[in-house]
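The data below hold one chain only, encoded as structure tokens and taken in the form predicted on its own.
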Amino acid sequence: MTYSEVENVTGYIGNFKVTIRKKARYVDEKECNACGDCVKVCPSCTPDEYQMGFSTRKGIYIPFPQAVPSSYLIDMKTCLGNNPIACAKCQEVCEKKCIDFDAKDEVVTVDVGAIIVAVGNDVYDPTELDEYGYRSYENVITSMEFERLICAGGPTEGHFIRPSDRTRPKSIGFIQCVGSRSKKRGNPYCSNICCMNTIKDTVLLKDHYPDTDVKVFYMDIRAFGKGFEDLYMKSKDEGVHYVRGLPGEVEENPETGNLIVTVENTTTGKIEKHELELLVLSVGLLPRKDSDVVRQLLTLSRTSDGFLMESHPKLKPVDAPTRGVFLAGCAEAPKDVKDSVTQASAAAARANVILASDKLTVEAITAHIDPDLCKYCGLCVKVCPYKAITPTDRKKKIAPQVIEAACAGCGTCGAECPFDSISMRHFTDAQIYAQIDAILDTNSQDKVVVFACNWCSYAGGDFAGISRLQYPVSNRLIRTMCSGRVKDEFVLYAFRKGAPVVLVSGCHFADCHYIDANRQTQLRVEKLWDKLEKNGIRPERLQLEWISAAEGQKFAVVMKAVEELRQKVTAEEIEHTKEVLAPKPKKKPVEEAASSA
């Protein structure tokens, strides 16, 4: 379904319902034979997005060559033939009568077993980098605009020209990492494709126009793929001059339109000026602006750079945290064609595993709700990041139920339930209490109880160990699937047993493997800090830290800081904590009656 968009997604792995809006094309795609008679009479003109604004298109058009279906559609924003009809010339000349100005959007619902997210990427707009003069100087263009100018299907039919005077430029410069690898302006990450895209463009220029003087300004060249280094060396052998250093200023010669580029060559240590007829900004890749809509529909996670996060970078590189959803291409991270094809093949294979199965096997870590203990409060429904718990109805006394195919076993619902009606298969309350007992059974004042999430903090501790990093031995880790599994009572129980310090640790906010379950951790710990302070207990004895699987160094630093805090906790403080947090004995029925009287 082309020219369509997803409006809603419900259900779970193997049983998704997807609502799709098929936008009105105003041209019957089955009848249209793309003869082009309508285009000849259309009086409306607008910049062609596909050609990066270097040419125009009509109000009725084919979006790009090889578009599917190969039929025209009408852009109602520029068309003069609707509300009211002031033109309709295309409709008059269409012999097949396939144009209908009264066409409406169509909403369809389809049942699917798996979903592949391949929303692509956007490209960085370098306008904010005013030192490069993009949009100020006509002969400063982006790498995307360069591709259209040199393409045989472009606005100049492959005859490469510069925009200002439509002459072939004899000297061309490329500036690398525009919008990439910069924390202040742009993005801190490497966009992966820019170096090799520029190298490919320089080879293409030299093949077509050997007399062209080509210069590349760069920080460092990242030619890491198969055959990439060979292409880099070929570019150098053909006479492309590589200058190690990014320009600090670009000025225009008003008489010739040439550009004066000032750059510090870090190889020679000198300030150089280069006069160029055309300057190309090698712009980086960005997450799609509208990917947030897809992310919310499918309850997906994002990494700190804004791209969609996979379930596990090594074990499940194409699986999304939501089961039955898979990622492909630049939706997950910047990548070239080869990597995109590889990931797309993997995503298709993973989806086919689901489609080829009548039943699915899930890990035995899902939640279970006891309807006899449930009070229909609905808190579990609100905090579940996967929407894996059906809504409750207090009036009809309908208890929520866990959709096990959708449940990932994070345990957030079990920690949030105030009535202990939710139990987890594995990582049960009894198992965690038993671990606390074992840790604090002897010399409790010398131990630090650490609740560490399976994916990040626990893995970070493991990474610190295999890296031979030194840190105190006082910490005792209790592994949970997610920091959201740590309920209030676990922390309070540890303090009652004599723990001097308790540390709760999980994934960074943007990297939670259970979408946003660690947000509940933050709220729960903040409430505990208030409760400890009201009871005269230092809140800092309960620590909260976000440690990723790659931060073994941070894990060691945190453990050293926690150990320093433990040494400052006195025996009197521990005894006071035990006393004020001790559970109050329940009153006998006679005592309750007497007190009420």
Partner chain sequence: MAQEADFKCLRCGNSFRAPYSPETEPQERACPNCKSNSVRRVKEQKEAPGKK
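Source: prediction; values computed, not measured. Residue numbers count along the first chain shown, from 1.
This protein has a second form, the form predicted together with its partner chain, left out of what is shown; the following refers to that one.
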One stretch from 489-497, 241-249, 162-170, 518-526 that, in the predicted complex, holds residues within 4.5 Å of its partner chain by heavy atom: 518-526
In the predicted complex, the one of 47, 36, 43, 539 near its partner chain [non-hydrogen atom within 4.5 angstroms]: 539
query: Looking at its partner chain in the predicted complex, is some heavy atom of each of 211, 218 and 220 within 4.5 Å of it?
result: no
query: Is the gap between residue 31 and its partner chain in the predicted complex 4.5 Å or less for some heavy atom pair?
result: no
message: Can you tell me if residue 554 lies within 4.5 angstroms of its partner chain in the predicted complex, counting non-hydrogen atoms only?
response: yes
- prompt: residue 509 near its partner chain in the predicted complex, any heavy atom under 4.5 Å?
  reply: yes
Residue 545 within 4.5 Å of its partner chain in the predicted complex, heavy atoms: yes
Direction of the Cα shift between residue 320 and residue 519 in the predicted complex, where the change is 3 Å or more: farther
message: If the C-alpha spacing of residue 506 and residue 188 moves by 3 Å or more in the predicted complex, is that a move closer or farther apart?
response: farther
